[in-house]
Structures are given as C-alpha cells and as structure tokens.
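A single chain comes next, written as structure tokens; it is the form predicted alone.
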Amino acid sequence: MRLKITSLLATAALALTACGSSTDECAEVIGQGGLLPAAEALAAAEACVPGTVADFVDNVGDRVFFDFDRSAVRPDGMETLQRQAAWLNTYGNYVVTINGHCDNRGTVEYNLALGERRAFAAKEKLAAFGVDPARIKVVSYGKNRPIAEQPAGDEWAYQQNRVAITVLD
C-alpha cells in the first residue's frame, strides 16, 4: 500500500514538475477528490511539455477539415494551420508528413487524387506561414484509411474523413 501511494505521489510530482506552474492544463493533473491514475497523470504531464508530440496534437491541433469534394482550406483550417506553422517555426527539429484523407464516396483513384490535393493545400499554407517546404512531406490515403467508420448517410463520419492530418516525424 505504501509503495502504491509513494508511486502515485511521485507520478503527480513528476507531472507537475514537467508542466511548471504556468499552464492551466497542468492544474488538472490533481483531480477532484485525489490524484489521477498514473497513466493519465503522465499523459497530462506530456501534453503540458512544450515541444512534444502531445503538445502539438492537444494544444495546436493536427487536423484540417475540408468540405465535400473540395481541397480549398476553410477558415477554421486556416487558423489551425497558422497555429501549426507558429509551433513548427518554434520547434524546427521536426519534419512533418501531411496525410490527406477522403470519405468513402467516389472511386479509389479519384479519392487518392483528392487526398493529395488536400495534403498539398495544407502544405502550401504552412509554407506561406514560413515553414520550410523541405520539412513537409505529403501522402494521400484517399478513402483507403478511414479515420471513422462511414455507414451510408452518416454525415459526421464523412466529415471526420475529409481531413488532412499533420503528423510529426
């Protein structure tokens, strides 16, 4: 029992130390009514550490969504790409791959081309915001690697699959 309590206290201390005292998210490491489970505390600590993959995904956002049959970046996607560019310009040690995805409507060939256009559109915006294009690779998965299952007519699932995802390498 003593070892378990010591382990939880050490985990919480590690999480709070890694976060520093300036980020609000880190205050949530200690939950209401006691400490978070060790795995959750460590995940929260990593999300608070600037320059980590978790920081990028949780605090910047790794996804840019597109309208049906379109590859133009929407205003909400432009905001995400601006945040990504600022982060990538701060942490220049990362190379990224932008994965273009599509919903399952249309042919395989058409969706591979559309996914590529979406990934390139995101790349062009990142480059316009100052990220060196040599640090950005693009891959199209078309409809071959869905993010969400897509039952016929499920618009939410379709939307989740019309996306370009920036992955830190």
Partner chain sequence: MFKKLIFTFLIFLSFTLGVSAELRIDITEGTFKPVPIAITPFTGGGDSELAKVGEDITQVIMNDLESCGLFKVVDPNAYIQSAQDVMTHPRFEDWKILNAEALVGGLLKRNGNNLQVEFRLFDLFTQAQLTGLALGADPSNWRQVAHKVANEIYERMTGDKGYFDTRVVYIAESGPEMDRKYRLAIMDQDGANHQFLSSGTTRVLTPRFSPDRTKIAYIDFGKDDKSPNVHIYDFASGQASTIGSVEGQRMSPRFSPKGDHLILSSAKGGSASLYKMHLGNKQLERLTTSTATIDVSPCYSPDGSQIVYISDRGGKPQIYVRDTTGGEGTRISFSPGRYDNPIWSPRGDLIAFTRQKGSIFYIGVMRPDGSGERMLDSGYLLEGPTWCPNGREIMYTCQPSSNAKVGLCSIDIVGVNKRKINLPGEGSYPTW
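For clarity, every value in this text was computed on a predicted model and none was experimentally measured. Positions refer to the first chain, counted from 1.
The following text describes the form predicted in complex with its partner chain, which does not appear among the structures shown.
Interface membership of D62, defined by any non-hydrogen atom within 4.5 Å of its partner chain in the model of the complex, is ruled out. Within this chain, A113 lines the site of its partner chain in the model of the complex, having a heavy atom no more than 4.5 Å away. Its partner chain is not drawn, but in the model of the complex it has no heavy atom within 4.5 Å of A54. The closest non-hydrogen atom of R135 lies beyond 4.5 Å of its partner chain in the model of the complex. In sequence order, K137, V139, S140, Y141, K143, N144, R145, P146, I147, A148 are the residues of 130-148 having a heavy atom within 4.5 Å of its partner chain in the model of the complex; the partner itself is omitted from this view.
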